[in-house]
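Here we start with a single chain on its own, the form predicted alone, put down as structure tokens.
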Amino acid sequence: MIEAQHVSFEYRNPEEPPIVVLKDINLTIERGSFVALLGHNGCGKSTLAKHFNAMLLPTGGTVLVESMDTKEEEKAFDIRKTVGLVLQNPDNQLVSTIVEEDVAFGPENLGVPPQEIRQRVDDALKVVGMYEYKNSAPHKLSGGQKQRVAIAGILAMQPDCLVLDEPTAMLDPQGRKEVLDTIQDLNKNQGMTVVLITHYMEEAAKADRVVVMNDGEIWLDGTPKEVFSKVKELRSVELDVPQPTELCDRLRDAGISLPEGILTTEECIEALASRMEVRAE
């Protein structure tokens, strides 16, 4: 669905040396996949995400979205219909005083007929579990609810791919759960391609694939089990791992034999229980 070919990007100021953000990025996002994009602040992940819907254009190399080159200006409209971008702060995407009007904003700008807009708005709000709030004022909603409305606004444009730039960063645990449940449902049950930028390793562990960036480059790329098994390497670039993975790594350092690739609390409990049964025997 999305292919970055030798992509580089730099911010240029005539009075200062250019700031290089992306360096020879090669990355393919498969249709229907759920990809988590990780990296410490300033590594280039948000900049890369903005290349996926032509919000930014590469300084060097090529980004293809469904074989459309993002540098071709006449393709920008179709590219942005294909890839929807959800920003970190939902307040930056909410433009109306009524939820349903806000969700309708995108399709209206695409020139969708009014009757179809009505259906799209209702369907999008139902998908994110916010239909009962369609006549509410966005500013009265919780952070998690606002973010779900922002996602609905993108869904109403019917993109094939959803790119989310730290959508849970400003939310409490319940809000994070609401948004992540919505993202997983869109991917698993609706077949939508999802690229999730996050600092929460437990969220990344739910993806099909984890891509780690460091200093503007792709540093690691693999399944969650493959990537998070490299605990010490991730620490070296200022990244954490899921808490169950961290616990098991420390226990291994203390001489307790435990299997690799543990990501969830349930897997951790099962491994510890098996270990205790072995010792009891």
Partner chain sequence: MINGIALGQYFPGQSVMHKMDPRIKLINTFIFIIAVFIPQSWAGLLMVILFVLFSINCSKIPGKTILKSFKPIIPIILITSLINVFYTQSGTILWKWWIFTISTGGLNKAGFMAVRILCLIVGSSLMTYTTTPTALTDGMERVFSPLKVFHVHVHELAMMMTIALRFIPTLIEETDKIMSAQKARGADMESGGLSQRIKAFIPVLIPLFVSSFRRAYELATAMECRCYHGGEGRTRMKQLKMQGRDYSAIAVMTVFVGLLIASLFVVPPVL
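Residue numbers count along the first chain shown, from 1. Only a predicted model underlies this, so the values are computations on that prediction, with no experimental measurement involved.
Heads up, the form predicted in complex with the partner chain isn't pictured, but that's what we're talking about next.
Contact annotation: residue 169 falls outside 4.5 Å of the partner chain in the predicted complex, judged by heavy atom distances. Taking the partner from elsewhere, residue 100 is found to have a heavy atom lying within 4.5 Å of the partner chain in the predicted complex. In the predicted complex, at least one heavy atom of residue 121 sits within 4.5 Å of a heavy atom of the partner chain. For residue 159, no non-hydrogen atom is located within 4.5 Å of the partner chain in the predicted complex, even though that partner is not displayed.
With the partner chain left out of view, the stretch that reaches within 4.5 Å of it through heavy atoms in the predicted complex is, among 30-38, 52-60, 210-218, 236-244, 52-60. Checked against the partner chain in the predicted complex, the residues 205, 94, 192, 180 give one hit for a heavy atom within 4.5 Å, which is 94.
In sequence order, 153, 154, 157 are the residues of 149-175 having a heavy atom within 4.5 Å of the partner chain in the predicted complex; the partner itself is omitted from this view.
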